[in-house]
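Just the one chain here, the form predicted on its own, laid out as structure tokens.
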Amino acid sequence: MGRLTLFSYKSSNSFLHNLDTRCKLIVLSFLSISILKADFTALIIITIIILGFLASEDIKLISLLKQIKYFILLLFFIFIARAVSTNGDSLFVLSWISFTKQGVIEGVRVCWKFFIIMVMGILFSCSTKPSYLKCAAQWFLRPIPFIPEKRISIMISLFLRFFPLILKQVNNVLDAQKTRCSELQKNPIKKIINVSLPVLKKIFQCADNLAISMEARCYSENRTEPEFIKSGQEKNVYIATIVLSSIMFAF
């Protein structure tokens, strides 16, 4: 379970843990949109801030990179696509593929933005209880007519609870495949099938067991929800977010 701590709630008394969940959702949404306009100067500033929050949450950067290695692989392909598809001055030619200077710069910037958004999501998930996220989603959806806010918030909460379990099942299947010398299989399609089918089967079994357990306990949407706890720093966080977003748009 040590490999799953970054994607599941971790009890602590840090600054992020004590913030109102609604505040964290608003800030996360606002920064995720604002960062799309950020240049390298703004990216450096927000990266320094995020590294400080990672240290406050006792999250090691090496451990984080290991857990999101497949996401980093995706960023690598995005970087290659940007580097070869953006017009500009030719930097170097690899076989028949030409990398441009403007493409490399744009690829680094795009991947950097995606990486920051991913890390912000990890900080949010490890500092927010699923029950509070459920209440926050319900609070935001309540004013919208014809939207079953309770049902949607329950689905969001269950997804957060299932996500670490999905990762655990993937790791278990990969370990089982390695013991059966799966490395000898050279066909990538067969490799994907051999991993995905057992994982899907286990996920559906867990979902069925959860549904049966909820029915056995007479679970309903009408429940007593926990009250939101405010740290008193929400106003300062909003001001800091507006300033940081302004910096992103300015640069």
Partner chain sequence: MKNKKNTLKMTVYASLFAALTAAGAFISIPIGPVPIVLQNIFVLLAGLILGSRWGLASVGVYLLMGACGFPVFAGGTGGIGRLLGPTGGYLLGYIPCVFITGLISEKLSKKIPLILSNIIAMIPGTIIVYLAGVSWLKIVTNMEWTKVFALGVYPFIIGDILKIIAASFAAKIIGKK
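Positions refer to the first chain, counted from 1. So that the term is clear: the rigid core is the largest set of C-alpha atoms that superpose within 1.5 Å between two forms. Keep in mind it's a predicted model, so treat the numbers as computed, not measured.
One more form of this protein should be noted, the form predicted in complex with the partner chain, which is absent from this view; the next part is about it.
Looking at the partner chain in the predicted bound form, residues 155, 159 and 215 each place a heavy atom within 4.5 Å of it. When you look in the predicted bound form, the only residue of 135, 173, 117, 105 with a non-hydrogen atom within 4.5 Å of the partner chain is 117. Only one of the listed residues (139, 99, 112, 163) places a non-hydrogen atom within 4.5 angstroms of the partner chain in the predicted bound form, and that residue is 163. Interface residue remark: residue 188 is counted as part of the site for the partner chain in the predicted bound form, having a heavy atom within 4.5 Å. Not displayed here, the partner chain is kept clear of residue 41 by more than 4.5 Å at the level of heavy atoms in the predicted bound form. At the 4.5 Å threshold, heavy atoms of residue 178 stay clear of the partner chain in the predicted bound form, well away from it. When the partner chain is considered in the predicted bound form, residue 203 lines it closely, a heavy atom lying within 4.5 Å. If you fit the rigid core between the shown form and the other one, you'll see the Cα of residue 157 move by 2 angstroms or more.
Comparing the forms between the shown form and the other one, the C-alpha position of residue 56 differs by less than 2 angstroms, with the core used for superposition. Fitting the two forms on the rigid core leaves the C-alpha of residue 33 displaced by under 2 angstroms between the shown form and the other one.
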